[in-house]
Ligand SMILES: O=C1O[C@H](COP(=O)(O)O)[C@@H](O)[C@H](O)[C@H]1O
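Below you will find one chain, with nothing else, as structure tokens; this is the form predicted on its own, and questions on how it binds or moves follow later.
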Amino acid sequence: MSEASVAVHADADLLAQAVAARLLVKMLDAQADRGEASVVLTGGRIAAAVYRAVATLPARDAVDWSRVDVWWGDERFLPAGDPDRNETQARAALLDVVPIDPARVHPMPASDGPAGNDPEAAAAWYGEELARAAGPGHGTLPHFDVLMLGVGEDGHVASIFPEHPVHYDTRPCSAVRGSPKPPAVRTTLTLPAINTAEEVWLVAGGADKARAVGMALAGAGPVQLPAAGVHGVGRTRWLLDRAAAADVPARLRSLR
């Protein structure tokens, strides 16, 4: 398991710019090493700001977008194009403005998508999509260079909520019913799948995230606080603004 590093930025705008720059560098490094890059996106206010920043940075044109695979860590089980879907947000902010290969964009199924209006079938479909991308002899998951996660006020990541049964699911992707945060029905990568990523980035901004961030870094239990249970194989990065880092011990902070 990788050790966690913490980088703190002055405010949410600078945090988004810094994460965007890191993401471009990570994709360029992955393409230099492997010939391609694979990223797992998240949703939320900070994530949208990151994607908009990526789209405006000059370095975006150094990435060969035809060799980038895009996945999602979780999704709201809503119709395609619904503004509350993470996919819709990412397309509007970034994917529709870069020359990415549509075949390498892998959204989780919508409620009117290929698996129909059944979240369990949608989760199984996405698990099969992951296995197809992994290729023969490479297990059930492709290589993820970086997997981005937001952190909820309650410490949830993706759509893995505190003490929810999905915490114990060992399949790559699971349906979530009864989400405490609307909408109630979602699909999500599970913790075993998330923890295969080369790097996991937990991105949080705002004072409402401070308690969950501080508890996760202090060693809280992952069932009660899912953010405490995620880690990258190579690196685990906490990328925060000062408000979200308020409860992080000073010895863990790297101020930017």
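On a predicted model such as this, the values are computed, not experimentally measured, just so you know. In this text, residue numbers run from 1 along the sequence as written.
Unshown form predicted together with this ligand; subsequent notes refer to it.
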So which stretch, 42 to 50, 25 to 33, 191 to 199, 217 to 225, is the one near this ligand in the predicted complex (non-hydrogen atoms, 4.5 Å)? 42 to 50
Counting only non-hydrogen atoms and a 4.5 angstroms cut-off, does P109 reach this ligand in the predicted complex? no
Give a yes or no for D74: in the predicted complex, does one of its heavy atoms lie within 4.5 Å of a heavy atom belonging to this ligand? yes
Indicate whether this ligand has at least one heavy atom within 4.5 Å of a heavy atom of R132 in the predicted complex. no
May I ask you to state whether P172 is within 4.5 Å of this ligand in the predicted complex, using heavy atom distances? no
Applying a 4.5 angstroms cut-off on non-hydrogen atoms, the residues of 177 to 191 near this ligand in the predicted complex are K181, R186
